[in-house]
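Below you will find one chain, with nothing else, as structure tokens; this is the form predicted on its own, and questions on how it binds or moves follow later.
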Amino acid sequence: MELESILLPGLSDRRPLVIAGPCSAETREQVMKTATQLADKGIRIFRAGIWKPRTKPGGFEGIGVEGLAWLKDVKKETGMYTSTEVATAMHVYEALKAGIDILWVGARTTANPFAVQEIADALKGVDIPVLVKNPVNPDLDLWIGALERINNAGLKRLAAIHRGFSSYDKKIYRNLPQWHIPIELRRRLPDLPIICDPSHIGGKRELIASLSQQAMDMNFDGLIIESHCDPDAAWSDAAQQLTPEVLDYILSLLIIRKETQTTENLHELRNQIDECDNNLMQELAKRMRVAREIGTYKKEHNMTVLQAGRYNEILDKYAAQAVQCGMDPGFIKKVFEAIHEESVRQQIEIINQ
């Protein structure tokens, strides 16, 4: 894949490249107020969703073409570059006609090769930076395939946006980071810039600072963060948006390390530990969900919660596996005793409801 820099004239090549603005363009006043505040903080690229693909009908699906005029006003009055999401050929044509500087392809669109190809065809002959978000589900080849389709249309200024992956179970993050996937993307396409989207990974504004720092520690090239002049009143994704002032504070605290981290570096190893711990939490949450379903079954069939034979079978099985994995069987026994205790507690709650 032949690539060129996504940096536009006047943008610094220092990490991180920051793209910020509201999840959705709602009103001209909201767009201009947010953009002015961000520009005052030194942000050079303004983002706003014009068309918003929603999981369910009935939500705010974007202001539409009308909002592109507001982005033109942002560019004229603040000097900022502008960016928005495109999901169809019509979106591409309208965005280009309005002079939008950077386009991105959303996660739902990346998951559909037909839609990506439609966008790629609409972009033939155009020289514009295009950012491609990872697909909703963890499929690295699908992500790379979307980038290749756009590259094959003649576009060379490409970057990836890591926004995490959807999961059915309750979790700490809105979308699981699964950092190993963008790490593998970088291994396969070392010249491709990767931008982190901590807003969509976290889903909560209080997680954005730590996720942004982790992205920098993993040598990501930039951040795309949702910022709104009045986040709590936002028409979409209110919980994950920050005021420009808070965003500026978070960016001021970032530690940008000059050396590329390696697996021998202590900080990188701790990042791996954090990812393992997060994965453990997600798997435990999944296990407890299944345990609750079992509790419902036992209640419906008038069965006791404690099944001693099954419990002993689990302890014996994993104690034996512990030895093969280089761990103390006593340690594993304690772990599964604690897990079993919590499973029983949750099942008892269900049976006694």
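Numbers follow the displayed sequence, beginning with 1. Predicted model, so just to flag it, every value in this text is computed and none were measured.
The next section is about a form of this same protein that is not shown, the form predicted in complex with ligand PEP.
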Among 106, 244, 193, 202, which has at least one heavy atom within 4.5 Å of ligand PEP in the predicted complex?
-> 106
Which one, 221, 94, 217, 85, lies within 4.5 Å of ligand PEP in the predicted complex by heavy atoms?
-> 85
Answer among 245-253, 152-160, 113-121, 98-106 for heavy atoms within 4.5 Å of ligand PEP in the predicted complex: the stretch 98-106
Is residue 18 close to ligand PEP in the predicted complex, meaning a heavy atom pair under 4.5 Å apart or at it?
-> no
Should residue 44 be classed as touching ligand PEP in the predicted complex when contacts are defined as heavy atoms within 4.5 Å?
-> no
Are any of the heavy atoms in residue 25 no more than 4.5 Å from a heavy atom of ligand PEP in the predicted complex?
-> no
Contacts from 204-231 to ligand PEP in the predicted complex (any heavy atom within 4.5 Å), listed N to C, are 226
